[in-house]
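Below you'll find only one chain, the form predicted alone, shown as C-alpha cells.
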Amino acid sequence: MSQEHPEAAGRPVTTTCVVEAAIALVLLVAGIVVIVESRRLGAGWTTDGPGSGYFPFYIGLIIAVSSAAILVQALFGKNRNRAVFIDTAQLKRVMSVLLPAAAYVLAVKLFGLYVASAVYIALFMIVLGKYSWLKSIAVALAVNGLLFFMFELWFKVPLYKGTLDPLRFFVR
C-alpha cells in the first residue's frame, strides 16, 4: 500500500524475516503440541488399524519439521528477506479494522448477533467509510432487519441473542 502512496509511508515497524520467524515459531509450537497430544491418544498401529492419533501425529510432524526449516531459513538464511514488512501507517490502517472487529466479537457475546452487527456496521460506515450518520444507521438497521426476518421468522432458525438478550421483547 505504501507503494501507492509513498508520501504516506510511516516509520518501519518490522522486517519480513522477523515476521516469518515469528509465524514459524508459532507453527512449530502448534506442531509439537499436536505431536505430543496425538502420542497420548495412541499414534501407533493397532490390531484394528491406525490408532486415533496416527494421522494427527504425522500431520503434526510435517508441520513441526516444515516450520523448523522456515525458522532456520528466516533467522540464518543467506537470502533472508529484510524488506520492511509493515510500517506505522500500514499498521495503523490494519489496527483500525482489526480492533473494531475484535470488539464486535466481544459485543456479540453480550448483545447478540443482531444488535452487535447493527452497531458494528453503523460505526464502521461512519468512522472508516465517512458516511453520514443517517445513511449509516439506515443501512445497519435495514441489513439486520432483513437478516432478522429471514432467519427468525421465515427460516425459523434462531441466531444467538447474547447474554443480555436486548431483543427478548421482539421475539416470542
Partner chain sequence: MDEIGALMHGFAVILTPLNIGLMFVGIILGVLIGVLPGLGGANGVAILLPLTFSMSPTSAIIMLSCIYWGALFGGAITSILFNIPGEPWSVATTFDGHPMAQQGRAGEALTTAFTSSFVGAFVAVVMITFLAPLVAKFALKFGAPEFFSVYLLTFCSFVGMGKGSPFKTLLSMALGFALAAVGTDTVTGQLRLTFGQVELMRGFDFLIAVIGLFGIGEILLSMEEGLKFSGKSAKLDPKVVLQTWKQLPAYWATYLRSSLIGIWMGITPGGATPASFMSYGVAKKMSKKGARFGTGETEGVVAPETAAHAAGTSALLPMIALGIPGSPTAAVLLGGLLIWGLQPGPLLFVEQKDFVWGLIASMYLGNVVGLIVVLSTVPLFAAILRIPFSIIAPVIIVICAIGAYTVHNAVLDIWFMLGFGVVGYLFKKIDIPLAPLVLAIVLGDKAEDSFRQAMLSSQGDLGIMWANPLVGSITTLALVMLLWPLLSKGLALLRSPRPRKSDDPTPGPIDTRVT
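Every value quoted in this text rests on a predicted model; they were computed, and no experiment measured them. Numbering follows the first chain given and starts at 1.
Keep in mind that the form predicted in complex with the partner chain is missing from the display, and what follows is about it.
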Judged by heavy atoms and a 4.5 Å cut-off, are V115, I137 and L167 together in contact with the partner chain in the predicted bound form?
no
Residue-level contact is defined here as any heavy atom of the residue lying within 4.5 Å of the partner chain in the predicted bound form; does F111 satisfy this criterion?
no
Report whether the minimum heavy atom distance between S96 and the partner chain in the predicted bound form is within 4.5 Å.
yes
Does V72 reach the partner chain in the predicted bound form if we count a contact as any heavy atom within 4.5 Å?
no
The partner chain contact in the predicted bound form: G145, any heavy atom under 4.5 Å:
no
Taking the partner chain in the predicted bound form and a 4.5 Å non-hydrogen atom cutoff, the residues of 52 to 68 making contact are S52, Y54, F55, P56, I59, I62, I63, S66, S67
